[in-house]
Structures are given as C-alpha cells and as structure tokens.
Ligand code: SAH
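Coming up is one lone chain in structure tokens, specifically the form predicted alone.
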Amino acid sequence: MIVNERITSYINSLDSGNSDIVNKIRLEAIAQNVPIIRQESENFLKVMLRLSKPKHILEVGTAVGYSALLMSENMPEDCTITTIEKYEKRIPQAKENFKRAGKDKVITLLEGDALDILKSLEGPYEFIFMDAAKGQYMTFFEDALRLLAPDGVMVSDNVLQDGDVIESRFAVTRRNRTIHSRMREYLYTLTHHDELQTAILPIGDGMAVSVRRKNETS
C-alpha cells in the first residue's frame, strides 16, 4: 500500500461505479485471482480518457479484457481500441467478455507477444495504456514511443511495485530484483526523455503519465 489505506478506502467509497456488465466482469476477475487495474487507478484512467478524447487507443496487456471494457465506456463514440495479449488461457475469456458487453466491434484483440506485435503496428495512437508484465515495460518502450501520437498520452500502471521501487536492489527479494532494476530504468527513461513530459503518481500501485511533446516529433 503506497497511500494510507484509510484514505484509499475513503476515495474508493466515493466511486460511482461502472455499467452492470463491467462491474460483473470485475467481480469475476477478482474471484479468479486475475490481476486487474485497482479501483482508484481506474477512476484516474477514466478521467484521463475524458480529457484526452483519443481516436485510437492501444493497450499492452489485455488479461480478461476488464480495462479495455472500462476504457470503451469512457472514450469518444468514434474511438477504437487495439489490445495485445499473449497468455492463451486469458484470450478466449477476453473475447467472450467483449461480446458480452457488446464491444467486440470497437475492441480488437491481437494475440501474441507484444514485443513482436508492437513492431508490426503503424499507429499513431493518441492514448496508450501500458499494463503488461512490469519487467517488460522497458523492452516495449521504444516501439510504444514510436506509436504515440504528438501530444498523445501514455499511462503506465503498477510502476511503484507496492513501494519496493524506492528500496535498494538488495532490500527486495532475489526473484524480484530484475523487475526492480528494470522498473527503475523505465521510470528514469520516462522522466528524462527529451520527447516526453512525465508525472509519477502514487495512485493504486503507482501510475506514470507521459505526454509526448508535439514540437519534438518528426
């Protein structure tokens, strides 16, 4: 927990909720122990979509499709979502959830390794949501930046690792050290890149919000 638990609980108590089908899919994901976006983080994501009004959204990491559906209910009517997932067990669930919610015409699921798929995409995307394996964010960065439109917004979720990111490499468990070092490298890159303006926010498990500077693009 990055922020005081009582504060987080109070913020979440003010949540006005989502559609019945999205709320149902959320409960199903929690029951199946599928990692999904945290409640306070999803409210921030909804606000960012309302502000940025994208025409094309790219999501890296579909899982069972919860966050894609969440975004689909808070984006402009003429917007589309492309989402990438490689975990074969989750792909049929996500596709079925898109159909259940009546969003299978506006959400396209690309199956396979994001590293390969990102290289095949042309973009641009006005909004990118990074929500895949945390240790791979840096690997995806170059292509994600290439695909991000001028003035486009990239939101990266789960970047503070429940606070572990501030610890010494030797203070985290050995199995998490690679992820720890890669995430620190990713956050440094986001905050020091000439083409980006980035803020790191202690929401949920940490979110990085990056805007691509328009005058720096080719």
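Note that residue numbering follows the sequence shown and begins at 1. Quick caveat: nothing in here was measured; it's all calculated off a predicted structure.
This protein has a second form, the form predicted together with the ligand, left out of what is shown; the following refers to that one.
J.: Name the stretch, out of 73-81, 141-149, 125-133, 95-103, where some heavy atom lies within 4.5 Å of the ligand in the predicted complex.
T.: In the other structure, the partner sits against 125-133.
J.: Given that the ligand is not shown alongside this chain, does Ser156 nevertheless sit within 4.5 Å of it in the predicted complex, heavy atom to heavy atom?
T.: No.
J.: Any of the heavy atoms of Ile36 lying within 4.5 Å of the ligand in the predicted complex?
T.: Within the cut-off, so yes.
J.: May I ask you to check whether Ala63 falls inside a 4.5 Å heavy atom distance of the ligand in the predicted complex?
T.: Judged by the heavy-atom cut-off of 4.5 Å, Ala63 is in contact with the ligand in the predicted complex.
J.: Check whether Ile107 has any heavy atom within 4.5 Å of a heavy atom of the ligand in the predicted complex, and answer yes or no.
T.: Residue-level check for Ile107: no, no contact with the ligand.
J.: Who in 74-105 is close to the ligand in the predicted complex, meaning a heavy atom within 4.5 Å?
T.: Heavy-atom contacts within 4.5 Å come from Ile84, Glu85, Lys86, Tyr87, Arg90.
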